[in-house]
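In the form predicted alone, a lone chain appears below as structure tokens.
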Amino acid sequence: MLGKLIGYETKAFGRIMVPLYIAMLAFALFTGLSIRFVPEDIMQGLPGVLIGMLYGVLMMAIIIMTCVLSVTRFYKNLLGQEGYLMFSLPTDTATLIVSKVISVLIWTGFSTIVAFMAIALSALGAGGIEAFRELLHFFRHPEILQHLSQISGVLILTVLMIIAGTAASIVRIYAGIAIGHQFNDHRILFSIVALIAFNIIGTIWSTLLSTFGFYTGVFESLSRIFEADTVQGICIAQTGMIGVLLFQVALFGILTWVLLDRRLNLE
């Protein structure tokens, strides 16, 4: 059932995101070709400014639409009129929530890939195939490959940290929406208030942990590790951050599940 739910969400996202992706990639190639073939004095004028603005608008549209869909799909699909159908499916509430989170992570990944592809297409259009080959040759240089192998652990943990951070942000928003939906009126307002409260509590908690680490000497011990081996120190710090983010995912996920499973208040 989880796979079917993710597939359903993928189709819903795809109807809006895929056309945006195609437009972004096509315009990125157009931008690169414009830089290559249009005279420089024209590109430095109004046409160049307009092309740059449209490029930025499309990039921002992809980011904003991914965020908007992640919120609206959860709100309308589980807490709106569609909720009567969704909660009648032969699956549990946790699966419904997990399917939403995984779907958003998938499309966030797609958006990131498209952003890098757009940059590559712009470079390809501007410099031609030779410039693209030179870029590939640069990353295949022995010294570059050796450096990448040395920091491979850092890179992997960075990706995992981004995924965990994105998941934590998604579930925190879902928890805020679920809290706001406990009220009969002004649900959006109470959802925003809940999210603000989460941020305030998180700031207070971080301050308390920092104070604890300073007075107990934890920070001093970590600084020694950084001085001894920078890569190892970074990996330790990243691992700790991933643990904190996963704790947030579990905490807000459980809160969302309790509110939807035990205190569901559909429109």
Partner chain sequence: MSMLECTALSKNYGSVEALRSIDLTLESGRIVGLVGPNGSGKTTLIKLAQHLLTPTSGMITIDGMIPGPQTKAIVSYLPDRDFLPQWMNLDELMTFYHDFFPDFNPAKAADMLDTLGVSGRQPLGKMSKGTREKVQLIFTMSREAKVYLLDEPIAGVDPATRDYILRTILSNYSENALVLISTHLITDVEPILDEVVFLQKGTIELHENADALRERTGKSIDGYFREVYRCWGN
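Numbering follows the first chain given and starts at 1. Note that the structure is predicted; figures quoted are calculated from it, not measured.
Absent from the display: the form predicted together with its partner chain. The rest refers to it.
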| property | result |
| --- | --- |
| Contact residue in the predicted complex, from 189, 197, 156, 89 (heavy atom within 4.5 Å of its partner chain) | 89 |
| Partner contact for residue 81 in the predicted complex: its partner chain, 4.5 angstroms, heavy atom | yes |
| Residue 113 within 4.5 Å of its partner chain in the predicted complex, heavy atoms | no |
| Its partner chain contact in the predicted complex: residue 12, any heavy atom under 4.5 Å | yes |
| Contact flag, residue 85 vs its partner chain in the predicted complex, heavy atom cut 4.5 Å | yes |
| Options 159 to 167, 116 to 124, 90 to 98, 189 to 197; stretch whose heavy atom lies within 4.5 Å of its partner chain in the predicted complex | 90 to 98 |
| Residues of 244 to 264 having any heavy atom within 4.5 Å of its partner chain in the predicted complex, listed in sequence order | 261, 262, 264 |
